[in-house]
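Before any questions on binding or motion, here is one chain by itself as structure tokens, the form predicted alone.
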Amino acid sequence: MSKPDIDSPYPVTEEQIVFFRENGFIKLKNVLSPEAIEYYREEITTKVHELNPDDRPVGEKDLYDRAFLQIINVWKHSAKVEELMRSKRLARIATELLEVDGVRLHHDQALYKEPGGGYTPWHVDQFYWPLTSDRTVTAWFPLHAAPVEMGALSFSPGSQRLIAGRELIISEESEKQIEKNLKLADFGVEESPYDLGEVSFHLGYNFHRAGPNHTDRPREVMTIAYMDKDMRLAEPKNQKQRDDIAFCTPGAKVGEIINGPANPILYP
């Protein structure tokens, strides 16, 4: 099978940009063709199983590990996955939604929720990232159609404006406290299935979660986290942020633009 088109522009409308600005997320249909999903899915799945160090049954895992098999920077282990990570179509959408001049890679990540896998608690991604602005966005796309009962991602529209809860690590506490905060602040929840080829984009400070996988097959998801191409490294506030520097922005210096080989500019 020849390499599918993952670089030609996807038309993002002004209405969609406004929706993203207001709600902190958007779901876009037919961003990736069925052929593109088929082309990359087997390689991603192979790498997940090769690189996953945890072979315990789901029932023996703690809350975090039951939520998903997590493999960061798959692109460093596969030229084929690197092709997908460098998709100009996805990076251009990220650039237009963030309303910046361009984006670079923060990291990619496979998130596979096993059959019987647990819920992913409410959280914001930028708890983990020591960055100087909120101009970050994650593309999240299942490698198949994903019904809600498989653990499709849920968002709280507009919640990127809520400060309370940003300081919480993914945990039972974050699930309970953030859900309480969202209700008190009158923020709702958007939960819907993903069609094949549908891609969601969410801001680093948008609160989101995923339910458990009640089906008998894995929920196979790939993500790419983008940041403003002029993003600077912030002083880390916790151990997770210190770890993030080592894994995702190695060599970056506090106060300077993050521009090492691990963080290439993807668009323009």
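One rule holds for the numbers: they count along the sequence shown, beginning at 1. Since this is a predicted model, take the numbers as computed values, not measurements.
What comes next is about the form predicted in complex with a small molecule, which is not displayed.
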{"query": "Non-hydrogen atom within 4.5 angstroms of the small molecule in the model of the complex for each of H123, H202 and A210", "finding": "yes"}
{"query": "Selected contact from T138, T95, N181, Q160, since only one has a non-hydrogen atom within 4.5 angstroms of the small molecule in the model of the complex", "finding": "T138"}
{"query": "Listed residue (L111, A146, L168, L105) with a non-hydrogen atom within 4.5 angstroms of the small molecule in the model of the complex", "finding": "L111"}
{"query": "Proximity to the small molecule in the model of the complex (heavy atom, within 4.5 Å), stretch among 25 to 33, 39 to 47, 217 to 225, 230 to 238", "finding": "217 to 225"}
{"query": "Contact test in the model of the complex: L153 vs the small molecule, heavy atoms, 4.5 Å", "finding": "yes"}
